[in-house]
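First, one chain by itself: the form predicted on its own, in structure tokens.
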């Protein structure tokens, strides 16, 4: 089917530069089709930036990158009013946020004011500067990166900012075979210029429309509601999934179903992405951490997925 071919084309092109990140690439594609944003976490050197750049290139969308720093100002990202000497009046100059895919590199190095400015862009797909509101291009996606092991000179993302990310994807160290392939690949050119555009503008627009029309049955809606309820009843969690988290999980499941060539959602679609969508939106209870009954919220989500019986 054309949907499966779309996924394979993207995986093949990104794989020409980035080795061993097929699952992460697929999750980026799911997030893009679900019109969401992604937070990539990992130590330096695990291909976070090159993965985002390669993905943007093969999708054929406009791409811009911002390197976040502690001295950055909101206008460095959003743009601002500049006095035009020729016309003798102020004109609005758009910042790098006006693009289809924005790579926010090392987002936790940005001060809170900049993070808050990005929040409106991610949630409302618009920018407000000095009372003027400008819509962002459609589609619009933010891929942000951060090093979770860094503690000096960083500003941790608050819960409300984390909630704006559809998925949180952790990039760990590669296994032995993958690392050997990376070393061999680096003996030659690994430039993203090797990546070809494989998704046309019309195909992308049509895909986004078809994802939005994927059917979600009442049984699947009830299943999602029960999953959300179980996260709030779970003793190892002090914060369960919000209704917005379940809505976004539904959008992701639609994208997964579309890429699998179906126009309806099945429970397996939800299970495939639930950990990445809910893992950063639930919070472990401190007592569970102290007694050692829970150390990772993602594992608690997995346990709930195993516990709740899906509809037949």
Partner chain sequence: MTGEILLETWLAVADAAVLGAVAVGYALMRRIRPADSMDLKEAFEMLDRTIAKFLPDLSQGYTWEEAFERMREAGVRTDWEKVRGRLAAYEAYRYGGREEPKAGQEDVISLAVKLGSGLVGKGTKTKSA
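All figures in this text were calculated on a predicted structure; none of them were measured in a lab. Positions refer to the first chain, counted from 1.
Separately, the form predicted together with its partner chain exists; it is not shown, and the next lines address it.
- Though its partner chain is absent from this view, in the predicted bound form it lies within 4.5 Å of a heavy atom of just one residue from 163, 120, 134, 219, which is 219.
- Among 267, 42, 279, 36, the residue placing a heavy atom within 4.5 Å of its partner chain in the predicted bound form is 267.
- Partner contacts here mean any heavy atom within 4.5 Å of its partner chain in the predicted bound form, and among 47-55, 241-249, 63-71, 256-264 they occur only in 256-264.
- In the predicted bound form, none of the heavy atoms of residue 283 sits within 4.5 Å of a heavy atom of its partner chain.
- Within 4.5 Å of some heavy atom of its partner chain in the predicted bound form lies at least one heavy atom of residue 215.
- For the partner-free chain shown, 305, 306, 307, 308, 309, 310, 311, 312 of 278-312 come within 4.5 angstroms of its partner chain in the predicted bound form, judged by any non-hydrogen atom.
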